[in-house]
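In the block that follows, a single chain appears as structure tokens, in the form predicted on its own.
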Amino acid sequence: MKKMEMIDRYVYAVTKRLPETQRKDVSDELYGLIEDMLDERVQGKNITDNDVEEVLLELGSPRQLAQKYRGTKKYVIGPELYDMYILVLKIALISVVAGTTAVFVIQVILNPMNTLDYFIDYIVSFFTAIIPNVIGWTTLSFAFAEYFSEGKLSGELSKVTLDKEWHPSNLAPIPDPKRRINPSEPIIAIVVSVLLIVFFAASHEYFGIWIYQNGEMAHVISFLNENAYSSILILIILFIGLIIVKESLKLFYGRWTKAMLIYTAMLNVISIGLIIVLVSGENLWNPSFMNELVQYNVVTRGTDAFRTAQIIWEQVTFWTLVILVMGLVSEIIKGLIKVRKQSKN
């Protein structure tokens, strides 16, 4: 590692842990301090890599030095993550308001006679289920990132050491902007996840086939088992919550690293387990679905349409499982490929 590159990595590792408003001033101060320490050390001689290493070791680990600049030591959401945490939280809450309001408006349009009931449900679900879930999962995801990033901003788990064993050779490279994860991707995923929480927590009864009579919606043949939905909802929200955690970590790391790959693999393995429990269980799907199709004259028993619908319904568990698991596995493979490419470069 070249001398100047080592200094750049060190300054980046320190300032990354500080609030945005401090970074420029601290960066300038550190470069000046390191230059003065090197001049005093070499006394006009050529500066070697060993000289730079000794000066950086004298300054201490980036984590400890950043703590001195911050003036405090422990955070649930630290300064380096706080601005991003607030951004994600704002996006999530705006999505919640938009989603729940849209659902309320649709309900009123479909059945204006029950406007008061819909409004009460809207307020109750908003403050008792949706908001706590969204704020809870967003905060948990950033607390998770804060905990696992403490002393690990290099993103290389194999290089993480205790402060007393810290060495400049362990400094991670400054992220290449060309290899960063586009922030819009995890932000969109978080917004979609939040809207899914809104939907499943407040409007799952509309997830099915809508039956109209005399120009008005008379019934919804639900895809889900309404009698067991409370137990299903816990697993659904847990699954979506893990997605929010994962996407928040992508925002934090900003690129695929070994650590990001390991965290993604861990979360996806847990998600796959949840999917298997959720989808393959008997409580997820509506056991009366085919009978309701016949009851409301959507299909007639014994016809080709009935047999086709029955085949599709019987295969829904298998294909739901395949699609979701393949999506999670492909994400791990994608991350592995990008990490290997970066390692080679």
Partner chain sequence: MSDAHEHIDKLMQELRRGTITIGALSQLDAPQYGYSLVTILKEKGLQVEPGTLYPLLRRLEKQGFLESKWDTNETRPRKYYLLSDTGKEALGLLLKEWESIVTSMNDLIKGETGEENGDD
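Everything numeric in this text was worked out from a predicted model, so none of it was measured. Positions refer to the first chain, counted from 1. Whichever C-alpha set is largest while still superposing within 1.5 Å between the two forms counts as the rigid core.
Another form exists, predicted together with its partner chain; not displayed. Remarks below refer to it.
- Interface residue remark: residue 68 is counted as part of the site for its partner chain in the predicted bound form, having a heavy atom within 4.5 Å.
- In the predicted bound form, at least one heavy atom of residue 32 sits within 4.5 Å of its partner chain.
- Proximity of residue 276 to its partner chain in the predicted bound form falls outside the 4.5 Å heavy atom cutoff.
- Contact annotation: residue 26 falls within 4.5 Å of its partner chain in the predicted bound form, judged by heavy atom distances.
- Partner contact region in the predicted bound form: 34 to 42, out of 298 to 306, 284 to 292, 311 to 319, 34 to 42, criterion any non-hydrogen atom within 4.5 Å of its partner chain.
- A displacement of 2 angstroms or greater separates the C-alpha positions of residue 27 between this form and the one not shown, with the rigid core held in common.
- Core-superposed comparison between this form and the one not shown: the CA of residue 37 exceeds or equals a 2 Å shift.
- Here residue 64 counts as shifted, since its C-alpha moves by at least 2 Å between this form and the one not shown after the core is aligned.
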